[in-house]
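Heads up, the chain below is alone and in the form predicted on its own; it's given as structure tokens.
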Amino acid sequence: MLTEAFLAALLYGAVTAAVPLLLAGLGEQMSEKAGVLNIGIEGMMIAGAFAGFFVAYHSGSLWAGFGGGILAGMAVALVMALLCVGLGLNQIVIGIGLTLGFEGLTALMHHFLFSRTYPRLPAAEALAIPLLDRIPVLGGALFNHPPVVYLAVLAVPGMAFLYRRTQLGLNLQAAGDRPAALDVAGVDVTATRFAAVLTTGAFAGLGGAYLACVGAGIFVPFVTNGAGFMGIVLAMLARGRPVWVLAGAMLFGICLALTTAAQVAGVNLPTDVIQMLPFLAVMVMLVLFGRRASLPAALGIPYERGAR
């Protein structure tokens, strides 16, 4: 199996599968830093996937589709922020409700709009990085992807810089650890959490749009297949470090890409076994590293000014 064709197919598929997980994990990480456990990220991704595919299909522009996905994800995140941050409702209950609601809504809309034709989008145009794309095996697998892939990877050092070197990063950390202290310092905790949740929606919506428009090229009901929940696990295990989200996303991406890579190598593996691997990897990582996960002290706790 360890041929150049197998390794190239495995790495290329891993990157394609990892990008939605990376975007979901980075978004969830910001939300958790601010003290909001965003269980609804799966709903934001499925909304972004449908809106992104719908806009890209009717406009003929992949970038317009990404914009539509971002706006759809932010719209769902706005509902989450209004109910959980503004009104202080239970974050887990609202998140599950949003996920189930938008899975059903997008399935219903797909039935009326696309179920008779099942249209597909053309393959996304790749951008090869000069010289690097000529590296044997690694070049075509890692350095010949659509531009949005490189932007997602560049978001990792950008988020790391934001958390460690900026006042906004410190405010996010304080909103999750000591929101009362942030309030005393004159920073609006509610506004900080609102911004974090909306940013999470933008990341998740983009991840969903990428999954439908680039990864699959088609929208079908439940196309996210638990990617949002994997993003939650990545964010919790990363301990506030975006680079760990990237590493975890690549690990899950490799598991998801094994089916295609095995077919290239001529190995016939049951599809059900391959599809089970990412969730098995999630459980293994939780067993190995779950107890070491460092979560904000006020995670999941609504903040009410003046309450004790």
Partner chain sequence: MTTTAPILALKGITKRFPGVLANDRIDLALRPGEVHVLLGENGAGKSTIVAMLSGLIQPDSGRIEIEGRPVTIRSPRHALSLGIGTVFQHSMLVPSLTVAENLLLGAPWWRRPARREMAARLGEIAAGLGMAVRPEMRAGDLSLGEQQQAEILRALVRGGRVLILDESTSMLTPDGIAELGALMRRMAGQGLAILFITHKLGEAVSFGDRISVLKLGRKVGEIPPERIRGEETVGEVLEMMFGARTAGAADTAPPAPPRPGRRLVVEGLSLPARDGAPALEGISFDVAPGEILGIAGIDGNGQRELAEALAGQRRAGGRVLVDGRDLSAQGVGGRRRAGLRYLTDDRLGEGTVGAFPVSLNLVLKEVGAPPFWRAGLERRAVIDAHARDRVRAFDVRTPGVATPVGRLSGGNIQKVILARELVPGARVVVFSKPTYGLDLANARATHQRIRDLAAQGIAVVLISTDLEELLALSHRIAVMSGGRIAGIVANDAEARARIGRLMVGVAA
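Because the structure is a prediction, the values reported are computed rather than measured. Numbering follows the first chain given and starts at 1.
Form predicted in complex with its partner chain: not shown, discussed below.
Peer 1: Can you tell me if F161 lies within 4.5 angstroms of its partner chain in the predicted bound form, counting non-hydrogen atoms only?
Peer 2: Looking in the predicted bound form, residue contacts with its partner chain include F161, since a heavy atom lies within 4.5 Å.
Peer 1: Looking at the partner-bound form in the predicted bound form, is H110 within 4.5 Å of its partner chain by any heavy atom?
Peer 2: Because no heavy atom of H110 falls inside 4.5 Å of its partner chain in the predicted bound form, the answer is no.
Peer 1: Is there any non-hydrogen atom of R134 lying within 4.5 Å of its partner chain in the predicted bound form?
Peer 2: The answer is no: R134 has no heavy atom within 4.5 Å of its partner chain.
Peer 1: Taking heavy atoms and a 4.5 Å cut-off, does Q91 contact its partner chain in the predicted bound form?
Peer 2: Residue-level check for Q91: no, no contact with its partner chain.
Peer 1: Its partner chain isn't shown here, but in the predicted bound form which of I129, L154, A181, L105 has a heavy atom within 4.5 Å of it?
Peer 2: Checked against the cut-off, the match is A181.
Peer 1: Could you work out which of A123, L138, L82, L168 is the residue within 4.5 angstroms of its partner chain in the predicted bound form, going by heavy atoms?
Peer 2: So the residue touching its partner chain in the predicted bound form, by this definition, is L168.
Peer 1: Quick check for you: of 194 to 202, 169 to 177, 143 to 151, 112 to 120, which stretch puts a non-hydrogen atom within 4.5 Å of its partner chain in the predicted bound form?
Peer 2: Heavy-atom contact with the partner occurs in 169 to 177.
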